[in-house]
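Okay, here we've got a single chain as structure tokens, the form predicted on its own, with questions on binding and movement later.
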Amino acid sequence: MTMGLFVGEPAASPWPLADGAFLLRGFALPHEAALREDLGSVIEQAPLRHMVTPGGFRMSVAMSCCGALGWVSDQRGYRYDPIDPERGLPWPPMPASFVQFAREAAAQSGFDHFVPDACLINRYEPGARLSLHQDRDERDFSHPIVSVSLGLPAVFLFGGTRRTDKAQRVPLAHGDAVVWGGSARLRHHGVLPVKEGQHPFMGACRINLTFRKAG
């Protein structure tokens, strides 16, 4: 592993993972208090839940959303919807702290003028994982994806445009962000099973916030 990728080592500038993809070590730490407070408010309104894949399998990752659109998975397929199907109400508005963080992280990575309209909230308990996949449900792939890791450490898999391409293993710590767009926008990515642990602020889980321009 290259020296600049060691967990806990702050980076003076975004670390390139590929053309159009960057790792920002500790970038969320100055935003941490506001992100955690607003996260609690969003989850209180739209509780985390385990969605079901179109094949009928229960996802190991618990999810919720905020913003104008939320990502939904059920036996009808994958899609974005303005209505939370469990509550029959619009998803909670995206907090200003979320929008500010996402825009700053995108700009730091060379993607100016990013304005997310969807934030996916994923809770990984020990053993939860996310298999390699592409984000293809958004309307316009010219906008980047901004992802931030909070809580327990995890190993982020960043592959290629084909699922069979070899994936980089990128260790992520609390406060790390990853941004990918441009020619990297449709690269496969995932998360290895999260290991047991306890984080002083987030407890025995990892929270991942993923910001997109979906509509």
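Everything numeric in this text was worked out from a predicted model, so none of it was measured. The numbering used is simple: start at 1 and walk along the sequence shown.
One more form of this protein, predicted together with a small molecule, exists but is not displayed; see below.
In the predicted bound form, the small molecule lies within 4.5 Å of some heavy atom of residue 124. The closest non-hydrogen atom of residue 94 lies beyond 4.5 Å of the small molecule in the predicted bound form. Residue contact with the small molecule in the predicted bound form: residue 212 places a heavy atom within 4.5 Å of it. Interface membership of residue 191, defined by any non-hydrogen atom within 4.5 Å of the small molecule in the predicted bound form, is confirmed.
Only one of 105, 72, 130, 118 comes within 4.5 Å of the small molecule in the predicted bound form through a heavy atom, and that residue is 130.
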